[in-house]
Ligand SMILES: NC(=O)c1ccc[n+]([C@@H]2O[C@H](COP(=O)([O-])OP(=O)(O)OC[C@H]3O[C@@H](n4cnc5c(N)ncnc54)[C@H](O)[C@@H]3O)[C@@H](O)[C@H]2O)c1
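The chain that follows stands alone, in the form predicted on its own, written as structure tokens.
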């Protein structure tokens, strides 16, 4: 296995704090570049590991980014940093544009300028919008409906324009992520319903017939690890999803795992948006598919609650839009 010098932007976040320990364990040199809006604790244990470093900074601060690229001879970049999810992105359009578009442009352009060989970009399955097609595959035209999805798609365009013989780029269009992380989020479908079942002894579902694609955070980490050296992937986009399930089906899985007596309360809704994802391309092209399902995510979360690893579960720290609403000035520094 090749050893790489990897920059992970947003490495202290929900996905990054699962990914970085994996990369360190495999012997890579890893540098996290993060504004630490959610704090350093999710990756603080890694500071004792050889080859791991933290660099505090904002991806909109081009000068600071240039310093980091000059100080480290990265050959891989995994770009996770973003204002994450639709509600957070709608709080302030200027902030979202500055982070998810202009900040992303900074990281991509400077990575190419610094001689990085491969760039892995965390896009999103939301770039497809609402589709009538039963199979939402990578060759469909992007039809983003939200600011978050729009700028994820435009980030893919920027990357495509930079890709060449000496700069490879891959876009990862992930389904909704679930499961336990050192920087836990309880504002994602599976995680929300699991929290409700454990802490409130009741699961609340609006509508329930809406379809959502899902992927376990550790499977997504496996995929990013695979992409570090996978052949023939430059210029490609990959859907990453384990399954499509209705919100009601997810609620029933959660209930059956936690306690079959927990009631599921269904409230009618006018929002019947369904999102499906076909992730067969990655299996055909790379021979890979997720190995964990919704049940695994629920079990991981339940174990974390039981072990006391989720203190104050009602806190805004676990919910991006709530915490960001409280601290918008943090994000307005470069908007």
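Computed from a predicted model, the values in this text were never measured in an experiment. Residue numbers count along the first chain shown, from 1.
What follows is about the form predicted in complex with this ligand, which we do not show.
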Identify, from the list 196, 123, 96, 239, the residue with a heavy atom within 4.5 Å of this ligand in the model of the complex. 123
Which residue, 175, 254, 159, 77, has a heavy atom that falls within 4.5 Å of this ligand in the model of the complex? 175
Is residue 290 close enough to touch this ligand in the model of the complex, meaning at least one heavy atom pair within 4.5 Å? no
Find out whether any non-hydrogen atom of residue 37 is located within 4.5 angstroms of this ligand in the model of the complex, and reply yes or no. yes
Partner proximity in the model of the complex: residue 60 to this ligand, non-hydrogen atom cutoff 4.5 Å: yes
Considering non-hydrogen atoms and a 4.5 Å limit, does this ligand approach residue 106 in the model of the complex? no
Decide yes or no: are 12, 152 and 320 jointly within 4.5 Å of this ligand in the model of the complex, with each residue judged by its heavy atoms? yes
When this ligand is placed as it is in the model of the complex, which of 178 to 186, 201 to 209, 111 to 119, 133 to 141 ends up with heavy atoms within 4.5 Å of it? 178 to 186
Of 64 to 83, which residues get within 4.5 Å of this ligand in the model of the complex if you count heavy atoms? 80, 81, 82
